[in-house]
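Heads up, the chain below is alone and in the form predicted on its own; it's given as C-alpha cells.
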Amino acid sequence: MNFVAALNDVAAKNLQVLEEQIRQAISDDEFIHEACEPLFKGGKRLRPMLFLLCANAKSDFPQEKSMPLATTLELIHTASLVHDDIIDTSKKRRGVETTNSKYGAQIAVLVGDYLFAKAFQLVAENNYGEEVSTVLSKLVKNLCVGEIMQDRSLYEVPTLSEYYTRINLKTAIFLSTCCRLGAIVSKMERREVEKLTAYGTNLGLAFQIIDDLLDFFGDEKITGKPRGGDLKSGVITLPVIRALEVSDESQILRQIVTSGKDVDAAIKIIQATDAVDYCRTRAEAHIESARVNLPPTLQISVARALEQVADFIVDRTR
C-alpha cells in the first residue's frame, strides 16, 4: 500500500512542493548536498504529511506558511536517523549505504548536526512563535532522552512499561508533535489540539510496534534493513518481550537476546509463539484509540485521510 495514495490526494498534492523545499534546504554547499541527498530518497514523509493534514484540518492553511515547518519536521527526522545509524553502526538504511558507512562517523555527526541546525533556521526565519519553538525543542530533547535510555539498556530485557516509555520518547512523541503543531498553527481550539495530539501518540505507538515486528519478520528487500538488526544491536523489543513470557524455550531465548548472538535461532523461537498476533493486536488497539481521538469538527476529506493513514500504519510492509 503506497503511503501517498493512502492520503487520497488531500495532502499528497503538497508533496512536490515539499520535495523542492527539502532540496533547497540541503543546497548550501556542494558536499552537503552530495551527503544529504541520498538520505531523503525513499522516505514516507509521514511526519510532514501528518502536520500538513492537521494544519488544514478545518480550513485551508497558506502553503507558504506551512511548508517551511513541514520541511523542518522532515529535516529533524532525518537528522535523528543519521545519528541513530552512527550509534547502531548501521551499514544500510532504506536499501542504501548510511552516511557513517560512506563517510565515517565524524562526518556523519556533522551532517546530522547540520540538518538539525537547518531545521531550526527555517523555524526562526518564518516567525512561528514561541509555542512552536518550544514544542520543537522539547521534541529534540525527548528524542535524545529516548536514545540515551535505549543505549544505556542494551542487551537488557525491559519491562513492558520500560518498553513503552522508550518507544513513546523515540517515536510516538514525534508523530504527536507533528499533529500538535498542525493544530496549533491552524489555531484550533485547545481541546481539539489535545485530541489530535492523542491521535498522533497512538499512531506513533502502533507505528513502532509494527516496526519492531518488521525487524524480525519483514522482507529485507522491502524494508531495506537486515532482519534482526535490533537484536544484533542489543535492542530488545516487544516481540521478544512477549516470547520470553510464553515460550517453553524462554531461558534459551533470554541467553541469546542478552548476548546478541545467533539471531536466527531467536527468530525461530519467537515465530513458534503468539508474538506476532500479540503485537498486532496491541498495534491495532492503538490505531483504534487514534481513530477515537479524531475531532468531529475536521473537514471530511482530512478526517478520511487521517483514518487512511491509520490503516496504512498497521498494513505497511516497510
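Each residue number is its position in the shown sequence, starting from 1. Owing to the predicted nature of the structure, the values given are computational and were not obtained by experimental measurement.
Just so you know, the form predicted in complex with a further copy of the same chain exists too; it's not on screen, but the next bit is about it.
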Worksheet item: Are any of the heavy atoms in residue 87 no more than 4.5 Å from a heavy atom of a further copy of the same chain in the model of the complex?
Response: yes
Fill in: residue 118 within 4.5 Å of a further copy of the same chain in the model of the complex, heavy atoms
yes
Worksheet item: Any of the heavy atoms of residue 125 lying within 4.5 Å of a further copy of the same chain in the model of the complex?
Response: yes
Worksheet item: Would residue 140 sit within 4.5 Å of a further copy of the same chain in the model of the complex, counting heavy atoms only?
Response: yes
Worksheet item: Can all three of 160, 249 and 251 be found with a heavy atom no more than 4.5 Å from a further copy of the same chain in the model of the complex?
Response: no
Worksheet item: Out of 279-287, 22-30, 259-267, 45-53, where are the residues with a heavy atom within 4.5 Å of a further copy of the same chain in the model of the complex?
Response: 22-30
Worksheet, complete the sentence: Interface check vs a further copy of the same chain in the model of the complex: of 97, 245, 156, 113, the one with a heavy atom inside 4.5 Å is 113
Worksheet item: Is any part of 164-200 within 4.5 angstroms of a further copy of the same chain in the model of the complex by a non-hydrogen atom, and which residues would that be?
Response: none
